[in-house]
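What follows is one chain in structure tokens, specifically the form predicted alone.
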């Protein structure tokens, strides 16, 4: 029985990685694979600590990059569920130690989903002078069937930098409830980018907020969303500047086709006369001038529209 369990675990790991077109890592690349609420595999490198423990209804993951360490290669995470139905609940606590530098790549994959819930609650602390670049890509099947609810709270320490990209452009999005909130201290920077393509009856709700509480802090919130068929999206971006010389910008662009619906709610607030925050929001169909240019080069209207959307989401 034990041998059969090992075989099943290895087969599941292989299927999970195949769904994101990843089959093998070199020994110097750190990686962690979690299926449902079970850690299937992990490989660590010097300076990186990852501890996981199962809880009654999920898994807790503790990640730390030691102070002063610069990880040579990105750390790869894979979260997913191969069956059609199920719940994945992950609680993650990440600390990037003082003066450390790291890049994380997370692939979340639900290729066969009919009724899947992916629930993630994360806290990220980037200590003084450290940096973390976090890229999260979702791979869904063509029929949706996924509800994803990632909630992340970030503390960016003095002179530190945190950047994040969330990408969901392949497969049906399903139901998305994405929430990010960052506290940005003295001379620190936060940069958030979200790119999502909604189709059919997808429902998307994005809430991104940054509090520029430290002198000289910087924040940029960017959301690029494309919607077609009956998809709908509400984007809430909030940028509050309390400190002198804080700088921030909110950029929300949504392309709407067919019977899709879009709503943008940019909130900018300045509580110090030496701070400066700007915002830009645009919702509508594809740009007519871009469309005319591509049509004049021999593309059909559908081909031209798809190319413009690809440019928005690239």
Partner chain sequence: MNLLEIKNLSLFKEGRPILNNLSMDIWEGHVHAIIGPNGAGKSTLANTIMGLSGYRDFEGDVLFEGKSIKALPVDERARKGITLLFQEPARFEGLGVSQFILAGAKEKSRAVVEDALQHAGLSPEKYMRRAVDKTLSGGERKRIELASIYAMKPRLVLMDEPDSGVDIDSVKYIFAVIKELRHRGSTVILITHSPEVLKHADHAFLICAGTLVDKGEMSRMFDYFNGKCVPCVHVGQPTVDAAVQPLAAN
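Numbering follows the first chain given and starts at 1. Everything quoted here is computed from the prediction, not taken from an experiment.
Missing here is the form predicted in complex with the partner chain; even so, the following discussion is about that form.
- This chain lacks the partner; the member of 53, 259, 57, 280 within 4.5 angstroms of the partner chain in the model of the complex by a non-hydrogen atom is 280.
- Remark: residue 273 does not count among the residues lining the partner chain in the model of the complex, judged by a heavy atom distance of 4.5 Å or less.
- Contact check for residue 12: every heavy atom lies farther than 4.5 Å from the partner chain in the model of the complex.
- Remark: residue 294 counts among the residues lining the partner chain in the model of the complex, judged by a heavy atom distance of 4.5 Å or less.
- In the model of the complex, the partner chain lies within 4.5 Å of some heavy atom of residue 224.
- With the partner left out here, the partner chain still marks one of 25 to 33, 263 to 271, 40 to 48, 246 to 254 in the model of the complex; by a 4.5 Å heavy atom cut-off that stretch is 246 to 254.
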